[in-house]
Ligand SMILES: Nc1ncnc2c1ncn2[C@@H]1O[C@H](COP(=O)(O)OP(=O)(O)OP(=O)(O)O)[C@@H](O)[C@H]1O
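Starting off, we have a lone chain in the form predicted alone, written out as structure tokens.
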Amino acid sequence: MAILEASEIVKRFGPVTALSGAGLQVEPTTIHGLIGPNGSGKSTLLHVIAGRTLPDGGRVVLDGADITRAKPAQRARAGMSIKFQLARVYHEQTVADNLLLALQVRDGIPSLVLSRTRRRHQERVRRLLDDFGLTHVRDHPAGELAHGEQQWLEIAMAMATEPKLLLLDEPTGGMNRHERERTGELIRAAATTCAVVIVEHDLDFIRDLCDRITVLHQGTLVASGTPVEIERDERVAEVYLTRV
């Protein structure tokens, strides 16, 4: 069974229809790319899935549960985790404390007040630091990290709660080649435990990384398939690849 099904999504902003029957289906522990020309509706669809905006029609189902009208916090409790384009880390806090704060999201107020969770989460923090190559900067303020390291920290924070579904909005924006390659490695590792949906402009990155790709154009679904199938699809070549 698919971990995520977004079907027949409609979203209007005044007289403008941003999405018209768009959607995608994501299988567990796969990496699914969402691409399209500027204005195709891919970011709007991601925001509908994340709960940042509610659709005017259609359904969003996460692991069998209808979350179409659910608030972002409810989606997080249901197993969805999100990293948007700009890194949202706590700049004054250390890298380790950023991860601790991400882990404490699910803890009750009494435990937080009594500082019980800090000790309990230390091993998980250590593993995340190691997995994401951040051990050497664990005690540095997050605001002092390089751009790529801040992005990796936020992915680590998104993975801290062990989600069923991870949403990534342009995770390689502003990165150099080495940072993009490292980001791809981290996403592949994440996909061993959860499904990943990526909105990305770097076609080479998407082609090399994703198991499946969905292509949107003017708010509608053009094609969905494996990277090879998408490359061979004449409709995709007409409405997207020739316009990059």
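Since we're looking at a predicted model, the values are computed, not measured. One-based numbering along the sequence shown.
We do not show the form predicted together with the named molecule, though everything after this point is about it.
In terms of contact with the named molecule in the predicted bound form, the residue from 18, 9, 24, 230 that brings a heavy atom within 4.5 Å is 18. Stretch 36 to 44 is the contacting one of 172 to 180, 36 to 44, 58 to 66, 206 to 214, since its residues have non-hydrogen atoms within 4.5 Å of the named molecule in the predicted bound form.
In the predicted bound form, the named molecule stays beyond 4.5 Å of every heavy atom belonging to residue 188. Shown here without the named molecule, the chain has no residue in 54 to 70 lying with a heavy atom within 4.5 Å of that partner in the predicted bound form.
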